[in-house]
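In the block that follows, a single chain appears as structure tokens, in the form predicted on its own.
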């Protein structure tokens, strides 16, 4: 199951909502099928430029987002180079200005602490202007509240919100979460999803 390269806009007449996968050009950004982004401020096709920040090739860090995720307008993914190192006695990024201070250009990455990849599971909803920081892993089915700043990992099917983001509640009982994690409906082919769509939408897990 994959999106046609030509199908960027899933809704007729709506140019504010796109499937992200076909518009990504950076090899360090991996987007799953049917993950969508809505932007009513900027052209959503510019997601890579406007929403994935401080994502420099020198760090080799990755943004990985699963299938069927919903990303609201203005959500940001903030990578390693935004993190001035905490190992130094000063927070000033001296290695960025190697010429000014007689440092070696090859050591420029000493200006920040590398916290690693951002990894988002499947069926994750990221709310309006939420910020996901480098190194964070978000589990399947999680919900990130509007304008939340996520600095720590989020468990599957957990709703978080606030600054910094904290757990609010789980979406379902543990037994249902376990079943959903086992079923992995997001990996079904499109025809099976169509057949089971009413059960998915009504929450009838016993019929899945």
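Numbering follows the first chain given and starts at 1. On a predicted model such as this, the values are computed, not experimentally measured, just so you know.
From this point on, the text means the form predicted together with a small molecule, which you will not see here.
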- Which of 44 to 52, 57 to 65, 160 to 168, 23 to 31 has heavy atoms within 4.5 Å of the small molecule in the predicted bound form? 160 to 168
- Message: Taking a heavy atom within 4.5 Å as contact, would all three of 92, 95 and 112 count as contacting the small molecule in the predicted bound form?
- Response: no
- With the cut-off set at 4.5 Å between non-hydrogen atoms, does residue 183 touch the small molecule in the predicted bound form? no
- Heavy atoms within 4.5 Å of the small molecule in the predicted bound form: does residue 72 have any? yes
- Interface membership of residue 145, the small molecule in the predicted bound form, 4.5 Å heavy atom rule: yes
- Item | residue 127, heavy atom within 4.5 angstroms of the small molecule in the predicted bound form | yes
